[in-house]
Each structure stands twice: as structure tokens, then as C-alpha cells.
Ligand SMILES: Cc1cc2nc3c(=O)[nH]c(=O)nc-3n(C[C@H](O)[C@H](O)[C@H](O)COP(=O)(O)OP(=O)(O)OC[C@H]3O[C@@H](n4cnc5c(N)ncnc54)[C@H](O)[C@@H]3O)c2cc1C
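This document starts with one chain, in the form predicted on its own, laid out as C-alpha cells.
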Amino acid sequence: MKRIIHWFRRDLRLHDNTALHEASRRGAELVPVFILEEALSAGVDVGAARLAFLLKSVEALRLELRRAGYNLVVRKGKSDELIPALCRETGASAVFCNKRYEPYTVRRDERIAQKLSTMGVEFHRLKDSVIWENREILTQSGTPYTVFTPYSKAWKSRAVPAPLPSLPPETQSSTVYQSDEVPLDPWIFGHRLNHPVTAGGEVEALKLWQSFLAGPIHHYEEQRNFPSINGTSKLSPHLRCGNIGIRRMVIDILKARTASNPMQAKNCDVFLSELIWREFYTQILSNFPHVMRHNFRREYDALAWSDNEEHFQAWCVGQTGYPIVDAAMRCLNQTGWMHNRLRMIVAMFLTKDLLLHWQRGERYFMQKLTDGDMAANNGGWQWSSGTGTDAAPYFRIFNPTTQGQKFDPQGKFIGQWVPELVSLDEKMIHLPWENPLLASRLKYTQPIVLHEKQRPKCLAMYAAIKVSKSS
């Protein structure tokens, strides 16, 4: 009997899965495979929360496949060794998978393609995690977009492909191959998790998505910037694992928009723009892979960043003396999650108040976030630090105090995560240092830097690069 392997990666679902759909149409026995990469136990940016959510999602996939009559084969090791070995073991004539866009995964896939080619095995990599990939949307001069607004306009001008049908149930008994257990505790990979992680898998993702479509999406623009309000989708971990298909989401948004009044339609558009930002940063990573190790704008590689380790550690643990920054960092450390507005605030504070390199924050986020995604995380940090794709953004500097006052006006979020300040009123909770005696009694740290003094230092640091470039 002919056999075909579908290699699950960031596509842990049975519905709207491009490579899985194509593999199932070949009329051969389908062998679903997932590789627990050896790299999960190493690397400076490996995160326990992200790994735990991935493992939960793989286990949920295994159960869904079993209900459909398939047996998921799980192996631990290096995929560029295990995929060829599995082809020999199963006699598979082809391997299907969905594309990854990180530079190191692209190189790995090329190695696998070469090995399978020498074995006479087909290797098909298909687009699935994005609507439009790296060079499908180009400027009139044939180059990749590096500014979001025109990219978004070009993206929206194209028809979105329809979602694909689900994997049909297996009608014959599948061959059973040796499979490793899916470890649900990330400690097996050497990473201790100190907080629970939400349920993963396609069923949970669709439940969360339907709940968001039923209400919050219609108020998204008004509520998305307030961390004490449940106004965001919380779907980013599911999107990263591929527990839900991007085509399904976009088509659902367009349908909701059509059935809405003008204000609700505007809110749908704002949420759609967030998904387009995700694709924008993916194509930036694909077309400009140097951003993985360097600034998008290479002249900023010469920035004179601070190396103050005490400042970095204070930022990490939420002891900077700025309530909204500290609340955000403590929330991240205790939940693996951070609201998007807070990500911008703490990133801006690290780079433009503490003057520390954005790569330090980028790496810390990848270690802590359940939804840590290389392209989106890198793009967000470079946007905040002013080294990314914007034309001249270095002078965009958030004031952490006014950001807290604007987006947590009553201090509800701050009070939840900085209990030292919970007894303060909505004015003083943002400015505890204005009453030194009170601050001392509350045992809350004094600001480790003064924003009004750091802002001109930051501007001067960036301006020095501008002067050097023009001279």
C-alpha cells in the first residue's frame, strides 16, 4: 500500500490545513507525524510556557486524529534525521508539510529536501500559516514592502481564498507505528513552569474564536488598549501553533463585517489589521532575514546601548518604580501573557528609558510568552525601539506614567499585579513617588531612572547615528 507522511508543525488542526488536505487527496494511507525537536531542550530563547502550550496542543491533536481513525506518530530528536528515517520505516513515497519562514527552519527544510530527493521521496512544502507569503505582495518596483500602511492596502485589495475542508475520517484500519508519548510537563525538556497554561488544541481555539466573534470583536477598537478589560481575542498562542487556520479567521471577520453596522464594521477592520501586521512581520523576516540578529536599519547597529545589568534585572522582575511597567512584567512572569498595549509600553521603557538593547527584551519575551513568535516578537521590539521598518520613529517615546493613566485610568490592572499599591486612589496609584513617606510605608521601589532625564539622552543617542550617517 502506498503511504504518505503529513508532518505536523505549526498546523496542529484537522480543518483548513493546506498540506494535510493535499496529502489526504493522494489516495494513499496517511501517516500523521509530529517531531518533538531536540532544539526544544536548548537555546537561550526557549520558553517553558510556550513549550507547555505546544505540548497540550499536540496532545489535543493526537486525540482528534484518533477520533478520525488516524494514529499520530510522535518522535523525539532532530527532524532532518527523523523524517528520512520515517520514510524508510513506513515506505512513504512523499512528505507533505506546511511552510515555516524562520531562517533556521528554511535551512533545515532544505537539508531535508536534499536527503529525501536522494531517496526518491517527494517533499512538498505548502503555504498555510499566512494568506500571502514573502514575495506574493510586492511594490510596483518589484520589491518587498517595508512600510505597513501601503502593504496593508495591497493586502486588502486581494481576494482571500476560502478555507479548506476538514480531513476526512479514515475508513480502513491504519498501520500502527511506534510512537513516543506526548509529555505534558515541559520539565522533561529541562524547563520548569511556575504557572498553569491554558488548554491548547483546535477545539479550544475554535471555542475561543466563536466567543470573540459573538461580542468583543464589535468593540475591539474602543477596548483593545485597556488591559483590565477582556477586549482582545487571546488567540495568539493558538495562531502560533496553528490550532486555528488564518483563512478561517479572515473569512469569518469579513462575514461579521458585512453583517454589522458601520461602527461594528470599523472594529472588525481594526482587528483584521492586527492579523495583517502579523503577516507583514512574517514577510519582513522572510525577505530580510538579517533582522533575526541585527537591526532592520543597519545604521542603528552602531547605537551606544547601556549595559546596566541592575536596570535589566529590575525590568525583568517588575521592580522599576513605574507602576504600569511593573504590573505588566509581573503579569508576564506569572501567566505567560502580556496585553499588546503593555508590550509596547514595557518595550519602549526598556529601550528608551533604560537605554538597553531591544534584543535583551526580545529574548526575555521569547523565554516567557506563551505566544512567543519570532517574526511578530522581533517586529514589535524593533518597532518600539525605533530600529525597525518605520521611516523615522526614534523620537516616538512613551511616557510610562501617562500611558498608565490613559490605559489603566482607575489603576485596576496595576492594583491586581502590584499589591503594594492596591490601597492607593486612582491618581496616586500612578504616581506613588510623589509622596515619599507613603511610598516608603508601602515598600514600593523608587523609580530606577527619571523619564524626563532619560528622554533627552535617548534622543541624543539616536541623533548621534543620524549625524554620523550624514557626515
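None of these values were measured; they are calculated from a predicted model. The first residue of the shown sequence is 1; numbering continues from there.
Keep in mind that the form predicted in complex with the named molecule is missing from the display, and what follows is about it.
- Heavy atoms within 4.5 Å of the named molecule in the model of the complex are found in exactly one of 291 to 299, 316 to 324, 87 to 95, 362 to 370, that being 362 to 370.
- Judged against the named molecule in the model of the complex with a 4.5 angstroms heavy atom cut-off, the residues 232, 278 and 347 are in contact without exception.
- Of the residues given (146, 377, 283, 129), 377 alone sits with a heavy atom within 4.5 Å of the named molecule in the model of the complex.
- Among the residues 134, 267, 236, 79, the one placing a heavy atom within 4.5 Å of the named molecule in the model of the complex is 236.
- With a 4.5 Å cutoff on heavy atoms, residue 151 does not count as touching the named molecule in the model of the complex; it lies far away.
- None of the heavy atoms of residue 332 is located within 4.5 Å of the named molecule in the model of the complex.
- With a 4.5 Å cutoff on heavy atoms, residue 338 counts as touching the named molecule in the model of the complex.
- Proximity of residue 221 to the named molecule in the model of the complex falls outside the 4.5 Å heavy atom cutoff.
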